[in-house]
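Listed next as structure tokens is one chain, alone, in the form predicted on its own.
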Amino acid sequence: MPIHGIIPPVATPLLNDHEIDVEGLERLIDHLMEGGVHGLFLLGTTGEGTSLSYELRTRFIKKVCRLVNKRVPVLAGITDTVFENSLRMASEYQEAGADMLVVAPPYYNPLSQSEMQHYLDDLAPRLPLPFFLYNIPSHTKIHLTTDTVLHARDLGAVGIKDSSGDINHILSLIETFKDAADFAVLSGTEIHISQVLQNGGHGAVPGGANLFPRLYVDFYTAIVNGEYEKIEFIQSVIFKINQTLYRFGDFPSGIILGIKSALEVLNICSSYAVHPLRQFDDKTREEIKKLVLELQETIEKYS
């Protein structure tokens, strides 16, 4: 069975650019596991993966894998602009205990589809673990086509996380791979989770699941079981998260900073963000605190 369900893109708790917030990380992993998540995705966009030193990334993977202890699959991002660095990370993360790797296109030079396919031709045979593709054109300058995803599957890819925001594209991927029992299509866009799952997708990688993992797991279960009243309620909460928490700051990184600030409100971990990001000021964090408490109250009333 392909990987499925709710797989949070785990935030990276930090004290500064060089130190993991170890106690915060322990609380975060406990929080996610108690919430019933089906897997964890480390060192993605929400995890600020490409901004962390290589040494810190490896330490983070090791600590998480030790805490998870094979209870759920751990996926680890190896995206880099340097080919050999991706291979080195892949090897180190396998040794650390990761179960799968996540490959997004190298993110500096714009690539054509054929160049991306040739890149995978060279990379995939040398990976020590199964790999997922990660389509996030807002960060990589390339929108992976269905042909490129098919090419990746022929090379051993076991799924794709699509964060393009293009619902027609992800529905096309679901249709293309509907008979592929070993290939998962996951939504990286939260407002599309219901539509993706109801049309045959396998799961989602929602940043908000860092905060309210049980809410997103219940959403997945409700969609699978056709519990329409619950679906409608949870969809409204997720929509509110997207329209409020993710909109602080006039810049896309506000999503990451909003999630980290909310984790601080929940007394899980520090809100510190690695350079070049900078955590929100006190006024904004106070506004986020008020919002998070309102969200908690709404969720608790329903449950």
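In case it trips you up, residue 1 is the first one in the sequence shown, and so on. What you are looking at is a predicted structure, and each value in this text was computed from that prediction instead of being measured.
Keep in mind the form predicted in complex with a further copy of the same chain is missing from the figure; the text below concerns it.
- Of the residues given (V265, I256, V37, I61), I256 alone sits with a heavy atom within 4.5 Å of a further copy of the same chain in the predicted bound form.
- a further copy of the same chain in the predicted bound form comes within 4.5 Å of a heavy atom belonging to I136.
- The shortest heavy atom separation between P213 and a further copy of the same chain in the predicted bound form exceeds 4.5 Å.
- Using a 4.5 angstroms threshold between heavy atoms, E287 stays clear of a further copy of the same chain in the predicted bound form.
- By the criterion of a heavy atom within 4.5 Å, I29 is excluded from the residues contacting a further copy of the same chain in the predicted bound form.
- Heavy atoms within 4.5 Å of a further copy of the same chain in the predicted bound form map, among the stretches 226-234, 149-157, 69-77, 205-213, onto 226-234 alone.
- Residues from 46-64 that approach a further copy of the same chain in the predicted bound form with a non-hydrogen atom closer than or equal to 4.5 Å are T50, S51, L52, S53, Y54, R57, in the order they occur in the chain.
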